[in-house]
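Quick setup: one chain, the form predicted on its own, written in structure tokens, and binding and motion questions come after.
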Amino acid sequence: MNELDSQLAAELLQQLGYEMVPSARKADVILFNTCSVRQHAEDKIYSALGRLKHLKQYHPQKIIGVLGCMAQKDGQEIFRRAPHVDLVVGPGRLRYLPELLERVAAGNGPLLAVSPWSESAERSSLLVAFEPFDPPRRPQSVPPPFQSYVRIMSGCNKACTYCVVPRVRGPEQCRPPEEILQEVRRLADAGCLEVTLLGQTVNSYQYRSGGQTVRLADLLAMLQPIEGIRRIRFVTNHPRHMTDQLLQAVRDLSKVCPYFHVPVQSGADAILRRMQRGYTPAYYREMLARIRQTVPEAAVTSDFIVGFCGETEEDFEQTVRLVEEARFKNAYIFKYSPRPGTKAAQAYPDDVPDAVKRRRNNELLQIQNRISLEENQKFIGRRVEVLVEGPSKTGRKSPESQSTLQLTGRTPCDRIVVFPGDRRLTGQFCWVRITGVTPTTLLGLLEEQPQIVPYSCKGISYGDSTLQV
């Protein structure tokens, strides 16, 4: 979601004549789009802001801004900790970014633009305060143009005690389906092949109008016929909204990828209650069984928080048992980090020592890596379809003049595949035979050398080794 917000903010400014530059020293405006899910993310932003202090002293005309969730959460605190910042803008005020930059440039800064929020506020007032940010897209400026994120909803109505998202992004608001369809059609016309539908709890999407309700399964069926789109993904899901209708849509719609990211956070009943997640481990296991019964080829991934308030060794062992039973494709595992303003930070002591959190994190990660390796080994010898995303990390170190290098792409079930090939295959579908694996990656060889068709998107050419605009 933050990546999409960054793209949209950049597009909005480019439409007004701004240009992207390669470094802060060459920039007139330096913007940080921030996350508040974990303390580590915020610490990195304050550190980066600190490094710009001297640059601002020597070039006072430069505008430094902080956008996004940390801006909404910290507000004036950012100016206190980094007095050289000119602009702080929350997610609900991003649409006013051009106007705010003009005011700062005219000498009217520093400026704070965040959404008013309180626990007791009426939902109607919060809906007004947190305006969705979905400006008209310029598909040719989307990087890369053959893949794109599409927001179908913003905010969240859940009340997870550890989570700051409802406070910084407001209540759940769903976009009209026709608006989403128009955006995807424009992206398809510009050469987009794969769209990923975004929502904090994307499978709770429902839009009511004229006595009718469109849910995510209905929306997927509406997107299926759009010519040019080859793959449709959606993240992130909540266990309580994994309906049979949605599972059947994933099974029956050929363009919808068989991949579900469904955070569970803990395998212990007591911890899930304290987190206020709204389900039990037994419910989650039943949901997993329905996924695998309806969509047998589906890959499932999850999120875990270890060391949450009051987590005992027995609680952690229950989480380990769930991971071993579930056999996720992979899982994202985090140490609990108290977020100011959340119910958990106010009501529960952060009583699990950091050393214990680190041990549990590492232990769970080792278990999941073993499972991921075992699951990936089942692909050895198989032929998989890959949308080539470009050079891998290793391939990016190759000289620009080198045409054959290590490429990376993804299967429909979201497995990463690396293989040697021509960089001009970027943005094309290939068949790859898997010859080896790691816990995170499938390794393979092109089944056959496909015809290379230079990929273009209204002025952006991927046919050569360099991007030309």
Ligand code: 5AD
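Quick note: we count residues from 1 along the sequence shown, nothing fancier. None of these values were measured; they are calculated from a predicted model.
Missing here is the form predicted in complex with this ligand; even so, the following discussion is about that form.
Using a 4.5 Å cutoff between non-hydrogen atoms, residue 163 counts as a contact of this ligand in the model of the complex.
In the model of the complex, this ligand stays beyond 4.5 Å of every heavy atom belonging to residue 286. Using a 4.5 Å cutoff between non-hydrogen atoms, residue 137 does not count as a contact of this ligand in the model of the complex.
At the 4.5 Å threshold, heavy atoms of residue 334 reach this ligand in the model of the complex. Checking 300, 305, 192, 219 for any heavy atom within 4.5 Å of this ligand in the model of the complex turns up a single hit: 305. Only one of 37, 29, 405, 45 comes within 4.5 Å of this ligand in the model of the complex through a heavy atom, and that residue is 37. Of the candidate stretches 368-376, 336-344, 90-98, 113-121, only 336-344 has residues whose heavy atoms lie within 4.5 Å of this ligand in the model of the complex.
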